[in-house]
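Two forms of a single protein chain come next, each set out by itself as structure tokens; they are called structure 1 and structure 2.
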Structure 1
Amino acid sequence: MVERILIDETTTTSSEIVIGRFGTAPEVSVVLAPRPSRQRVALLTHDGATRVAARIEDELRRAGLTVATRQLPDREAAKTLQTAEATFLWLNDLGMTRDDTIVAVGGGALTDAAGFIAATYLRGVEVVLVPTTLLGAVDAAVGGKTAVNVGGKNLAGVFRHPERVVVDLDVLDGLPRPLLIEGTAEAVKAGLIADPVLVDLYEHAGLDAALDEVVPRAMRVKAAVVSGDFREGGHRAILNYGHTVGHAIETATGIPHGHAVAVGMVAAGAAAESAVGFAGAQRQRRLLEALALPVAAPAVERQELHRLMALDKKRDRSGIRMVLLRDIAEPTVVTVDAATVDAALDAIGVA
């Protein structure tokens, strides 16, 4: 099964998403669009993805390309200017030109860093992202946001779609359970904001939901939203469902992002119940619990969350903005009053 989703992006490049089951490795034609002037491929990868990267490297070599692989530091350590600089120098030593291609194989941290490097090396070379985590596939690799952390997380970056995103469901099927659960938070979020069938799938099958169904659906949601609003002027904000309270909890307590988003969605559910009459808050909570996601905040002070939410860059001048659901797949972005924020924090057990 191979799914192709086309994102139309008139102001920069267009971007193609290819989803399939590729056994040992995707063929060259799946990874790269034909381009006779391309001679070299620089593969960037990190710890959890080295085996997948090695197989892709073999495949590209057999097709006659000159391939070099570089392992970036794991997790957020990849997303630094120092790593970017060292990689620019390495690319230059390889003789990489604008006709050549960077292929990034790894989780969201790796693809964010590689996307930034590819967007800025020689003012931009072709980049193909091969996300190897569920979160990377359904969220980080799609949408053209690249970044490094400079003091603040994702403080510096550019918007630029990858030319292609290649998702191998055989790789995702082998994910360790914690990584599966983290990615599931963002996948179920896609369903809650835009795809009731995806919500049904998770309600029926829980964490056993077939990735062949889940991944294309969640990626289609993200692709559709960013196609309509590449630079996050308006509609793209719905992707931040669960993230207003979620980010604050993540920053205050250090719990994993997917967990924080799940708790944030429970908070948003209660806020929506109080502010826009959402009737699905309990249903959402049960679903997240069934997916082994947390539905209550760890010990954290209410005041601290208020402070962090006020700092959040998505805030507008008049108050805290949240994505709320009127119904499943009917999101709305509203500036919420203090009583609504209180209802949200009450629901997740913040004292």
Structure 2
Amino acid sequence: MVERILIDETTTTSSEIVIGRFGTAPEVSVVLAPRPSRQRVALLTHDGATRVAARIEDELRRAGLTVATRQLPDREAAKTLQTAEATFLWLNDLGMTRDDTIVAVGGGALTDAAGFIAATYLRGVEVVLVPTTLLGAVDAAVGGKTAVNVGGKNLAGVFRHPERVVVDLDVLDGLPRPLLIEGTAEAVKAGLIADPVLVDLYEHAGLDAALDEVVPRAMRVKAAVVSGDFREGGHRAILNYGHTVGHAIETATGIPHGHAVAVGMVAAGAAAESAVGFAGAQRQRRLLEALALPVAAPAVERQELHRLMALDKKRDRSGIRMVLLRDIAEPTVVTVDAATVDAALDAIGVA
């Protein structure tokens, strides 16, 4: 059974999410919308996703398309201006046009980078994202936020939707446990901000929670939020729950994104307890611990986290703004004072 979720802006569909079990590989009609003028596909992938990418490449070739494949670096090393420039030059050599398509097969950092490359090459070419990790599926690939890192997390980027996001649950079922755990942080986040059933599901089933239920529920949360506020003028900011502190920890220490978000949610829970009376901070912490996610920061200087948080994209003239919870599924964006930030950092063991 295939589920389709649409992301709409006013009356226009901007992006389509296709979720299913596709066996050996999704058919070309699942990956690409019809376009008679399309001749080439540039396929971007990375180590760890090459087997899935090769199967998709075979399907595209059998459909008569010219396909070239390029491997990008793994994780955050993909999200640099140097990687983007090298890929632009490769696309030049391929003779890519606006009628052609980039297909990105890999984890969240890869789809972030590919989205940025597609959005800026020739001022925009079609891109299809095929996330191969849980984190990529429920978060990074959805919503049209594309970016590379320049001194801070995701500070150079552009909003542009992928044509499609194709999620193969057969691929996600085969994830190594560390990648499943990392992605679970973003799925839990979706529950905490908007879907209490998803929180309950993880509390009862833990890491054995069925992906056939987890993935569509988490993706529906993000699709609904993005449809209402594509360019993060307001409500979309709730998707950054745990990210203000989490991104700072990720940049400062290099721990995986999902782990950093888990720690960031613990910090945000403590901040919410202090600032808006959130009563679920300990419940949240216990859930994250039960899912084998970290709840304390690695060794890092408080001053460095303050510096990095000051670069957060939600900042404004009044100071640092954090997504906090008044209750499960009741998020709010608050400008926090120094005492609240200190409470957040104290909760995750930052000296």
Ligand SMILES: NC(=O)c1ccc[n+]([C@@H]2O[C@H](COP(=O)([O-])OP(=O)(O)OC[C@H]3O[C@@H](n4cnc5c(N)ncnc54)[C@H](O)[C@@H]3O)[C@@H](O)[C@H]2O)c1
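This one's a predicted model, so the numbers in the text were calculated from it and none came from an experiment. We call the rigid core whatever largest set of C-alpha positions still superposes within 1.5 Å between the two forms. Numbering runs along the sequence of structure 1, starting at 1.
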property	result
Chain form predicted alone: structure number out of two	2
C-alpha of residue 67 moved at least 2 Å between the two structures on rigid core	no
Core-superposed C-alpha of residue 217 shifting 2 Å or more between the two structures	no
Flag for residue 160, CA shift 2 Å or larger between the two structures after aligning core	no
Angstrom displacement of the CA atom of residue 302 between the two structures, core fixed	6.5
Core superposition result - C-alpha of residue 286, shift between the two structures, Å	3.3
